[in-house]
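Below you'll find only one chain, the form predicted on its own, shown as structure tokens.
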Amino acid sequence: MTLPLLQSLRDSYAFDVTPKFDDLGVFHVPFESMGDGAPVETRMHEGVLRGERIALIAESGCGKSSVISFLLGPTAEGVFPVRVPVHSLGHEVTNADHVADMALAQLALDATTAVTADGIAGSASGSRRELTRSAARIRRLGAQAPAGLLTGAVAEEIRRQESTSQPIGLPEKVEVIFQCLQPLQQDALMPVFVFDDTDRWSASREEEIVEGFFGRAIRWLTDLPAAVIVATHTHYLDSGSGGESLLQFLDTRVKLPRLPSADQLGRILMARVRVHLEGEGPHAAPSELGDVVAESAINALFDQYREGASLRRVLQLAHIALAEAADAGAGRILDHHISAAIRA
């Protein structure tokens, strides 16, 4: 691989561990294609369309957000995801009224999204949001607008329902949300409430927060015609951390498997390389990952993963090593660049 292309990968943060949510789906390599037969993405997709309540289980940094973005991103059909940022509620996340308020506000905010003439989502007020790689790809391929976007009439009805709410109790709030969801179903869209940031709660009060959130704060969702996805840390299932309460509410459990081999880690890295080199010319993308990362370097990264590092941490090491290699004028990432990244 040429040094300029390696530098291009560095400058575009090819192995960025915190890309935009919609871009995570573009980079995603399905877990069920990794060779162990775990039907992760298919099971979740089918469950969402049936309106199931799903616990997506893995440790932090192991791909939960990536899977959710892959299934519910801009090109997803037949769904209307509502990503509820519960982490911003702090300790109030155990209060069902506050969670319902946040869900209603997010539903109303999402309803302001309209479809612009070129098929890319923008603000209803006319301002344009920054294009993600996913949106840019839709535009470049001349694809139709994502099926998950609301029609103007449906969006207006949701905004009307939300605007009628007054300081009211939880049952009344749930009824307002229920009324907001009706036009979605008429538009053949399955609402999906997504709680993707539940593994960042304060360690000092984690057990109390987990039990309150799973045991009380989101139980009202059972009264709604909607699917639910909760990104769930593995140890939340342990006794004393709300495990039994979690199992009673979330009727479907999907566990993310560990990567089985260095080859599969290589596939993830290669997906990032190909996406970031799109548009660089017909001969830009390498035919093999070995043109970018030496096999010994991939093995060194996988050794870190096998010893307990998260996938997020491995990508971080890959990015540091990429910068090391590009800065040194190397043509590809070698194992000593990985060693330097580990020491950094």
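Residue indices: 1-based, along the sequence shown. A quick note: this is a predicted structure, and the numbers were derived from the prediction, not measured.
Although not depicted, the form predicted in complex with a small molecule is the subject of the following passage.
- In the predicted bound form, the small molecule sits within 4.5 Å of a heavy atom belonging to Glu59.
- Using a 4.5 Å cutoff between non-hydrogen atoms, Ile268 counts as a contact of the small molecule in the predicted bound form.
- Proximity of Asp199 to the small molecule in the predicted bound form falls within the 4.5 Å heavy atom cutoff.
- Taking non-hydrogen atoms only, Val29 approaches the small molecule to within 4.5 angstroms in the predicted bound form.
- Although the partner is absent from the chain shown here, none of Gln7, Arg10 and Pro286 has a heavy atom within 4.5 Å of the small molecule in the predicted bound form.
- Only one of Leu315, Met44, Ala55, Ile298 lies close to the small molecule in the predicted bound form, with a heavy atom inside 4.5 Å, and it is Leu315.
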